[in-house]
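Have a look below at one chain only, the form predicted on its own, in structure tokens format.
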Amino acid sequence: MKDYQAVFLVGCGSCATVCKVGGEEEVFATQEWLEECGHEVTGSMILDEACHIMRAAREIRRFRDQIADADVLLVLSCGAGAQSISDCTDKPVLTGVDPLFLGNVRRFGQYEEKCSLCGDCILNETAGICPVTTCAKGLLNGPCGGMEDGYCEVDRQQQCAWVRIYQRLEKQQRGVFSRVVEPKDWSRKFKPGKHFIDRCSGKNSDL
């Protein structure tokens, strides 16, 4: 931030607010801190969802005068939100949050990583439990030799993902799949930015 004097702040009213990293309270606290450090804050906005590109573009137009007076936009949201803002302005955009993962909501304010968005899904065969993400070693064909009493050797407080898979398949009266799962085809992950999904048309397009 030392290279920029005037700052415009962007928060997110969705996940970042619930996680207490980018809501109204955090934006206000950041503004106070920046001003104490000698920066000028030209304004701020909190988007309903910072990752929504069209909404971000609309709000940036609404605050265009305050943004024009800023040297940089500081975004308190996940990386998706910061990238939405970057796509909508020629100003430099910095992120004030270092997110760890894309999470499922367990309950209000609690998130859990359950999917790696790998593009090579086997959830249909593993009773809806992803071993790629929830197994510490990402094993695809059953538990490792370090599993003990149903718990992971990496974290003894964590139940083994494959034990959970076996238990759920058994409860559903389904057999564990007999085929050997091949190593993950990480080319299906479509990186960097090679895939676009249009939910309205139901079509996928290569970019």
Partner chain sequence: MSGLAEKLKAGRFVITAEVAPPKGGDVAPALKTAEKLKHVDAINVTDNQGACMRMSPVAVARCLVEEGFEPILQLTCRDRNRMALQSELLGAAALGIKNLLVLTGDHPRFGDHKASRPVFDLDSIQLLQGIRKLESGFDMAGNALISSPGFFVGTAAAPAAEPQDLVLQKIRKKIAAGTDFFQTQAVFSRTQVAAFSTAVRAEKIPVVLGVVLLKSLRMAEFLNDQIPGVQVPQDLLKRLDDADDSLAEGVKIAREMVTWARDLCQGVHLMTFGREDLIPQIMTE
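Since we're looking at a predicted model, the values are computed, not measured. Positions refer to the first chain, counted from 1.
Below, we refer to the form predicted in complex with its partner chain, which is not included among the displayed structures.
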Interface membership of Glu35, its partner chain in the predicted bound form, 4.5 Å heavy atom rule:
no
Taking its partner chain as it sits in the predicted bound form, is Asp149 near enough to touch it, meaning that at least one heavy atom pair lies within 4.5 angstroms?
yes
Classify Ala29 as contacting or not contacting its partner chain in the predicted bound form by the rule of any non-hydrogen atom within 4.5 angstroms, answering yes or no.
no
When the contact criterion is heavy atoms within 4.5 Å, does Arg156 count as touching its partner chain in the predicted bound form?
yes
Specify the contacting stretch among 36-44, 162-170, 53-61, 66-74, defined as having any heavy atom within 4.5 Å of its partner chain in the predicted bound form.
162-170
Under the 4.5 Å heavy atom criterion, name the residues of 131-156 that approach its partner chain in the predicted bound form, in sequence order.
Ala136, Lys137, Leu139, Leu140, Asn141, Gly142, Pro143, Cys144, Gly145, Gly146, Met147, Glu148, Asp149, Gly150, Glu153, Val154, Arg156
